[in-house]
Each structure stands twice: as C-alpha cells, then as structure tokens.
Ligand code: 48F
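Given as structure tokens, the chain that follows is alone and in the form predicted on its own.
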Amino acid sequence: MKDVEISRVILESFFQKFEGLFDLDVAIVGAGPSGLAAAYELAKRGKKVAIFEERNAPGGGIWGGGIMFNEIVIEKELETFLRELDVRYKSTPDYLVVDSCHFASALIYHATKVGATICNNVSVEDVALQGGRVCGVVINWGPVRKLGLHVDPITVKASYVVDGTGHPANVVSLLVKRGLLEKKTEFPMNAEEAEKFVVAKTGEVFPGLFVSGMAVCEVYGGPRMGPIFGGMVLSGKRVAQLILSRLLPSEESPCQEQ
C-alpha cells in the first residue's frame, strides 16, 4: 500500500534525523527570533545546532506582529542582515518595516538551510547537570507536557544550552526553583531601553547556560518592548558570537562522557 510506504519513509527519515541530535554543540530552547537568529549564525559556521520548540509552529511572537497587525519593526542597523536573508522591507526615516509572516518564514528557512535542525512539538522539561554545569536538555513531546501525562523523557547532550523561551525564561526557571539561580521579572513597556538592555545583558547566566531575547529581560528585570524585533535578532547574534568564542576547533567538549 502506498499509505504504508509513505508512513515508513516518514519514520525512517525522522529517526535518522533525530539520531544525530543526541550530541550537540548547542541546544537552543525556543524557536523565537533570538533562537532562530542564533541557530542561523552558529550553523552557518559549521556548529551542530538543534532548536527545541514546544509549539507546532516555530517563530515565537513574530507571527502576530502588533495586536495581530502582521507587520513588525526592525532597527536600521539590521538592514544588511535582512538583505543577507533576502527579506523584503519598507524603510521609514527611523525604522525598517517587515511583514511578520515573511520575516518568520525567512528566519526558519535560512536557519534550517545552513544546517540547524528545528524540533517542533518538543518540550524541554529539565536540564542535565554534570560537574556543576548545564550539559544538555531533557526533552519530551509537547502534547505530553500540556496534557500532564506521566511519560518519562529522554536526554540530549549539548556543550552549551541557550534559553530563548521569551517572557517565561523556562530553562532558567528550572534552576531558580531549585535554588541554583535567582531572577527578577520584566518591567513595564519601554521599547527604547529594552532594545539596548536585551543585547547588553545577553550572556551566560549559569555555567553552560546562556540567555537570549526576552528571557534576558525576565532574568535581569529589563522592560518589555512590544512588536519591535531588532533587539531580539541582535541578542541571538550576540549569544552565537559568545558561544562561538568557546567552541574553538581544538577545544574538547566541556561535557565529558561518563
């Protein structure tokens, strides 16, 4: 039957893809703008990267634009980046305006084109610790988590983990509830300050764990910013640069086999 052959091809291809994800250079949690930008920058430099996104559709908050007006605003300093991704945009005296669906699609396409893998419908429910540092993520199916089913997860090893989960800062929260980290909470809306804040504070918050995007504001108490996305992209690019400086060709993985 053709239906059975289709099913077989899907299963074989999926498990072949998934089998290659158990030993990563970088595991990114959340396929929002900062996570996708980081994955793009890391993968195009040959790093083994996977994004774990619990929702069906990657893209985070990009799709909805501002109150479902599907346009977003980006700072002019990212014009070169938009051209690199072949993104269409309109220019105003101060900003670039981009169709949100077009931009989300471009980030997803280019991140995967250069070699990053996006695992949608996969939730990160915990982190793996080794020698006092984060050395991987513990994953389960997104619907399993949402339904509260008792199904044991599996573990993926990663030299570095990025929390790009946005406002909840889900990965950081796992360490906070165990008393291993402290975090603040977001301040009210202030796009001008938030755009600067999120880039300046992007970085490592616990050995092996980095934060990017709005997770930065949640951890350090920065303001919200609304439908302006330049800071998100710049944060993703910055976290990639910080991790690339650690992932030198001669460097052994900081997470050793046990």
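Residue numbers here begin at 1 and follow the sequence given. Please read these numbers as outputs of a predicted model, since none were measured by experiment.
Beyond what is shown, the protein has a form predicted in complex with the named molecule; the following relates to that form.
Only one of 119-127, 150-158, 87-95, 74-82 places residue heavy atoms within 4.5 angstroms of the named molecule in the predicted complex, namely 119-127. This chain appears without its partner; in the predicted complex, the one residue of Gly221, Gly203, Pro207, Gly226 with a heavy atom within 4.5 Å of the named molecule is Gly226. At a distance threshold of 4.5 angstroms between non-hydrogen atoms, Ala31 is in contact with the named molecule in the predicted complex.
Among heavy atoms of Met232, some come within 4.5 Å of the named molecule in the predicted complex. Using a 4.5 angstroms limit between non-hydrogen atoms, Leu42 is distant from the named molecule in the predicted complex.
Contact check for Lys113: every heavy atom lies farther than 4.5 Å from the named molecule in the predicted complex. Looking at 143-178, the residues that come within 4.5 Å of the named molecule in the predicted complex, counting any heavy atom, are Arg145, Gly164, Thr165, Gly166, His167, Asn170.
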